[in-house]
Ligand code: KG4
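Below you will find one chain, with nothing else, as structure tokens; this is the form predicted on its own, and questions on how it binds or moves follow later.
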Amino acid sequence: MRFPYILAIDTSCDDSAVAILKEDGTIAADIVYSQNEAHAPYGGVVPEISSRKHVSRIARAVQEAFLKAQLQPRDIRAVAVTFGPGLIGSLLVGVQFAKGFAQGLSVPIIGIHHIEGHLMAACGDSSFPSPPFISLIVSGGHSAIYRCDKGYQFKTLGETRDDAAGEAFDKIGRMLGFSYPAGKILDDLSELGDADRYVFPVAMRSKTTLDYSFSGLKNSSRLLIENLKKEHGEIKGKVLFDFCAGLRKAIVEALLSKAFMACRNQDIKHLVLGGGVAANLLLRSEAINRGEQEKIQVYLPPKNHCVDNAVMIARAALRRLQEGQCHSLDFNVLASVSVDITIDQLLGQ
């Protein structure tokens, strides 16, 4: 089948994302309704608020996508939607809307794993590698390293044993009094600081495991914040900038040291980054620099496609649809699910 236009939906967490892509990968519409303001008072995502916001916004987001693309629903030839992992209530909103849309138009539907979407977020670049490649996905909920092999079969090589990197940024940012989400604020302030003034721990630096751990960093940050408040009364100015810069340096070092270790261990020369933290300025520049030093090609998604979006879901879906894959309307959402097994196994097809 041909797919002149595909509609994609992602409501895995707190953003209502809708995209329309042409068959050649050109973006006709890219809509994201953020919920940051709604969750900021709580310092993190509240699942019930998230799902209710999706209910009130999903139809409007789809309508806006059609207006942006200057298309009609009848122009759509397939629908893609994130089925997991994520918040169960949020996932249900997107999946049920997508199923109804697909059924109403009698077009194919395909469920996409959210992590696979992030893995494919950079594939709009014409130089994007064919498998095998290593991927580092870093966000508020995920910090993990994957190997992608022929047929886009994924294998988890390492993952966080506690907090994800984005989660660590947000929790430590809250200790400093920053609003949610704190990652962008910390990144901006870090640009003004001395990253060597305060030294933060990098967990499992010398170990051969590809797993991550950020709980020790979080505790170390809490103790340093307490000491700095005793010493200065208030953490601001250069002290704040230096704190942020040191924290960012430690997190980036932890992330990249394991990612490049995976490339060396697997003898693979391509590293793909994805996830919200992939927008971090230091992570992006250091990934490129280390890639040049180690002769490993690094691929970065555009900053606006690092956070959750539906373009990445559409890109992953187009490839699978063109290979003849699609799913029946009775597949379920899954709040927690590995990307290691095939999509058809996951959905019971």
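None of these values were measured; they are calculated from a predicted model. Just count from 1 along the sequence shown to find any residue number.
Omitted from view is the form predicted in complex with the named molecule, to which the following refers.
140 is the sole member of 84, 140, 173, 246 with a non-hydrogen atom lying within 4.5 angstroms of the named molecule in the model of the complex. Checking 307, 287, 31, 321 against the named molecule in the model of the complex, a heavy atom within 4.5 Å turns up for just one residue: 307.
Here the chain stands alone, but in the model of the complex its contact with the named molecule, taken as any heavy atom within 4.5 Å, falls in 271-279 among 90-98, 235-243, 271-279, 69-77. The putative spot formed by 110, 133 and 147 is not touched by the named molecule in the model of the complex; no residue has a non-hydrogen atom within 4.5 angstroms of it. Within 4.5 Å of any heavy atom of the named molecule in the model of the complex lies no heavy atom of residue 214. The named molecule is not drawn, but in the model of the complex it has a heavy atom within 4.5 Å of residue 114.
In the model of the complex, the named molecule sits within 4.5 Å of a heavy atom belonging to residue 167. Within 4.5 Å of any heavy atom of the named molecule in the model of the complex lies no heavy atom of residue 193. Contact annotation for 164-199: residues with any non-hydrogen atom within 4.5 angstroms of the named molecule in the model of the complex are 166, 167, 169, 170, 181, 182, 183, 184, 187, listed in sequence order.
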